[in-house]
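The chain that follows stands alone, in the form predicted alone, written as structure tokens.
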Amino acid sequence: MITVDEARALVLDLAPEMETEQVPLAEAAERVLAAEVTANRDQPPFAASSMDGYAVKATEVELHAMFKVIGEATAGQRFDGTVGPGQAVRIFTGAPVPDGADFIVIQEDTQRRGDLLTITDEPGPKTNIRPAGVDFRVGSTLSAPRRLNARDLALLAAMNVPAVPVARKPQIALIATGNELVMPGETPGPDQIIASNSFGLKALLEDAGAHVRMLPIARDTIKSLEIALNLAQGADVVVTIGGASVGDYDLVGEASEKLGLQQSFYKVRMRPGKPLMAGQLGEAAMVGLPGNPVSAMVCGYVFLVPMVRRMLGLTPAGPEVKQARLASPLPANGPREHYMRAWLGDEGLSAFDDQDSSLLGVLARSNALIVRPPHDPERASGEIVQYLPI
């Protein structure tokens, strides 16, 4: 049995690097930028007014000064002329500042009668002009890799970038296994349960940036498992759920080995999630998760999300471990690294009393996993411990 860190390193070594593809900017939200992008223009491309008002010469700006209005400049239509002494051009926010002008008197500080403009309030020192290129210039870059958010897309659009290079989404095939499983909405038999793990893992992995295919439930026969694994062809990663333990009906290892699995490891010194395996299955990486719902989801946070991040080129690939104070004491830990469902509130971290790996209700009420090292001693309230946000 290997440690969590050893298992994660082996899983990350299995992760294939995704190639780059071009996507339209409108479809790039939450994609991972794969290469640096360069601006094609200055922003703004000209000196622009930041207010509605009048463009004049700064040397003539003073209280009660008077000007003749000779034209108008609007956003998208500059004034085609030059502002001379004693002249003003009506200007609107975003419009190019006319030649000869270097100050915008805001509308509220003026009074206009016909073509005669008077400054009626002290205008102050601010010119109300945005210089050309004050936001960014030609050659400015947006660095990679990064997960593109709404702010990034707005910037890229202003940079006049219509399409961006992004990492291809990892294709992940999810296979739930077990005679006891039926899909939500179906009528379970008296000894059956609903297949829940696939839906939680699909959401988790797609949030991390992958595309997930949920394949039909594989029954507890070698033939059914072989059919399911063959249906997963074309995936970058095949994830099975259940059937990886040592019972008479835990057949995932046997079926995958018949199809050529080169196993990297089996069993991890962790709780929950001990019966985890991984290896190379043809062109795809394969990860076999335990079947208990919480075990599968914890392994998703600890191993699969970092795997997706590595495939997308994001760093760091590992989970974001943080620290917080305990709001309630913890008993001594056993020989395995323990991921305890917990709630992080104003008072600190509180682990839930029941840590049974089948209890999805407890997981749903959690927003953190307290990470306990093997043989960690008792911890008192107020002590600092590590946790994984979820």
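Worth saying up front: this structure is predicted, and the values here are computed from it rather than measured. So that there is no doubt, residue numbering starts at 1 and follows the sequence shown.
Heads up, the form predicted in complex with a further copy of the same chain isn't pictured, but that's what we're talking about next.
Contact annotation for G71: none of its heavy atoms lies within 4.5 Å of a further copy of the same chain in the model of the complex. In the model of the complex, a further copy of the same chain lies farther than 4.5 Å from every heavy atom of G318. For the chain shown alone, A285 is not a contact residue for a further copy of the same chain in the model of the complex, no non-hydrogen atom being within 4.5 angstroms.
A residue is said to contact a partner when one of its heavy atoms sits within 4.5 Å of a partner heavy atom; P96 meets this definition for a further copy of the same chain in the model of the complex. At a distance of at most 4.5 angstroms from a further copy of the same chain in the model of the complex, all three residues P45, I194 and L359 contribute at least one non-hydrogen atom. Just one listed stretch, out of 305-313, 257-265, 222-230, 103-111, contacts a further copy of the same chain in the model of the complex at the 4.5 Å heavy atom level, and that stretch is 103-111. Of the residues given (T120, Q171, Q280, N179), N179 alone sits with a heavy atom within 4.5 Å of a further copy of the same chain in the model of the complex. Only one of V138, A132, L215, V161 lies close to a further copy of the same chain in the model of the complex, with a heavy atom inside 4.5 Å, and it is V161. Shown here without a further copy of the same chain, the chain has no residue in 323-349 lying with a heavy atom within 4.5 Å of that partner in the model of the complex.
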